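Taking the form predicted on its own, here's one chain by itself in structure tokens.
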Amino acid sequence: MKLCIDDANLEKIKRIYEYYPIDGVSTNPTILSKYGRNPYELLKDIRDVIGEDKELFVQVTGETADIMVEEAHRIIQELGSSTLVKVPCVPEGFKAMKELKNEQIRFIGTAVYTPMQGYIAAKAGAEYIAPYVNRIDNLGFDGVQASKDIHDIIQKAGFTYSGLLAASFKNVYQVLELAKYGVKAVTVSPDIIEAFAGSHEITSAVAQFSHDFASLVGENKTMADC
């Protein structure tokens, strides 16, 4: 399963990239709006951090298919071929997807709340489908189960080029459930990624190992110099 960062905070992205095996960064207009910078300037800085080979996900904002396709051209021109264009799964978005597929521009179907949105986007050629797990929960449904349903539909339909980039997580458990299910990718906030290995029990166990080793060989000694 690919693991992406769901944020545009440069300092947090740098930290997560330093410590964790990350496959890319996902953004959306709301995330970009938090930082008060020209979108392309910020996205280029992110691209500089993650390198040319990592996937960067950037969303269109137009309301018609023609404008979405025009935005896609600019996004790829500015940010490179490892960038995937996020297209909302609405009728104008589906129309744009058909054109992007014809032009062989990589794209992802986003703003997914229902399995049938995911199915249509995959059929239109989306490389990823982005169900909003926690937002679906907030509507009174099961976001994890909806994501699993989309995964199953894509698999059974034979769309081998497509898979999930599940988004909108509130806790580690939701990510774990989809990891166990074998989804293609998830995009997760830096705080939740840090929580993957950040429990009190884990840090206490490591501290105990250090304490016990110091009692054997002396303070500040390691296996490199004891």
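Residue numbers run from 1 along the displayed sequence. Model, not experiment: these values are computed from the prediction.
The same protein has a further form, the form predicted in complex with a small molecule, not shown here; the description that follows concerns it.
- Residue in contact with the small molecule in the predicted complex (any heavy atom within 4.5 Å), chosen from 167, 164, 58, 193: 167.
- When the small molecule is considered in the predicted complex, only one residue from 123, 74, 95, 135 comes within 4.5 Å through any heavy atom, namely 135.
- In the predicted complex, at least one heavy atom of residue 28 sits within 4.5 Å of a heavy atom of the small molecule.
- In short, of 127-135, 99-107, 144-152, 114-122 it is 127-135 that has heavy atoms within 4.5 Å of the small molecule in the predicted complex.
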